[in-house]
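Heads up, the chain below is alone and in the form predicted alone; it's given as structure tokens.
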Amino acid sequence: MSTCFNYKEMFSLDGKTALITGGARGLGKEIATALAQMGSRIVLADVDAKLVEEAASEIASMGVKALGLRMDVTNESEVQHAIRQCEEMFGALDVVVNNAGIVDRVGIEDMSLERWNRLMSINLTGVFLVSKHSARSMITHGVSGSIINMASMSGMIVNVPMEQAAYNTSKAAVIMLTKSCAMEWAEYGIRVNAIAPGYMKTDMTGPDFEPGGVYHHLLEQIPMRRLGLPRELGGLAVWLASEASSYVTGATIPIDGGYTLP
């Protein structure tokens, strides 16, 4: 009689350590909660020191070890210091979620170079720096880790609102960076993938899609006729972080209710 493979264990993150940037609130915090529920130790990094410590305390109340660190993803020395703290506290990093990012909705002709550079620095250079030093740590410790980058459907199409060329460009670059990192680090067993969210229901964006809201009409353009829920990103992050996706690398997975299908 053949032994039945234990598929439940493939999704377990017991004994793993995950670093989530932009983890003090919103989608980053939701992803951290999902990973924690699957057993991972959690390190939240964010520029808001007070908020990230509060978020880490909430995660810790779930019965897992959690640490909140103040970190600016655009500052290489801060990134290096944060990763050293992770190693000192929990040992090697197993999972990294590059979630930190901003949106700046300004028409191309009105966008200053300063604003363009700031957005690129956070959305793209930040992903580069955190990935670079996380991968170095994983290679040094012999860890076959998983790096998950937060892209966007806006890196694949130009969606509404249209006045966000810098954001779209940064997310398209994240998708290519994801593929390039996946190729370079495959020999070390490090997988690099990206999540490309569509319109998500958050405290900030949700009201805009309610009846009478400025973007309510966009629901008709989503085949599933609704916004995505933060927990739906969490499920995908668990899969990408775990051994359940052990043969997946370089992929960008849309989670947009079918918006990018046409």
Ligand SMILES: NC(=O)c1ccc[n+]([C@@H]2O[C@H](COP(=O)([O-])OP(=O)(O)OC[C@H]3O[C@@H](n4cnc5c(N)ncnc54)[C@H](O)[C@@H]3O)[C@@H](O)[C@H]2O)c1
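Just count from 1 along the sequence shown to find any residue number. Remember, it's a predicted structure, so these values are computed and weren't measured experimentally.
As for the form predicted together with this ligand, it is not shown, yet the points below apply to it.
Engineer: 86-94, 183-191, 107-115, 69-77: which one contacts this ligand in the model of the complex at 4.5 Å, heavy atom to heavy atom?
Structural biologist: In the other structure, the partner sits against 69-77.
Engineer: Which residue among L229, M224, M204, M62 has a heavy atom within 4.5 angstroms of this ligand in the model of the complex?
Structural biologist: Looking at L229, M224, M204, M62 one by one, just M204 meets the 4.5 Å heavy-atom criterion.
Engineer: Name the residue from G213, G235, G26, G39 that puts a heavy atom within 4.5 Å of this ligand in the model of the complex.
Structural biologist: Going through each option in turn, the one that passes is G26.
Engineer: Each of G22, Y167 and G198 having a non-hydrogen atom within 4.5 Å of this ligand in the model of the complex: is that the case here?
Structural biologist: The answer is yes: all three residues contact the partner (heavy atom, 4.5 Å cut-off).
Engineer: Within 4.5 Å, heavy atoms only: does G145 come near this ligand in the model of the complex?
Structural biologist: Because no heavy atom of G145 falls inside 4.5 Å of this ligand in the model of the complex, the answer is no.
Engineer: Using heavy atoms and a 4.5 Å limit, would one call L219 a contact residue for this ligand in the model of the complex?
Structural biologist: Contact with this ligand, no.
Engineer: Would you please decide whether D48 lies within 4.5 angstroms of this ligand in the model of the complex, comparing each non-hydrogen atom pair?
Structural biologist: Although this ligand is absent here, D48 would touch it in the model of the complex, with heavy atoms inside 4.5 Å.
Engineer: So in the model of the complex, does any heavy atom of A100 sit within 4.5 Å of this ligand?
Structural biologist: Yes - in the model of the complex, heavy atoms of A100 and this ligand come within 4.5 Å of each other.
Engineer: Heavy atoms within 4.5 Å of this ligand in the model of the complex is the criterion; list the residues of 123-158 that meet it.
Structural biologist: The stretch 123-158, when checked against this ligand in the model of the complex, contributes M150, A151, S152 at the 4.5 Å heavy-atom cut-off.
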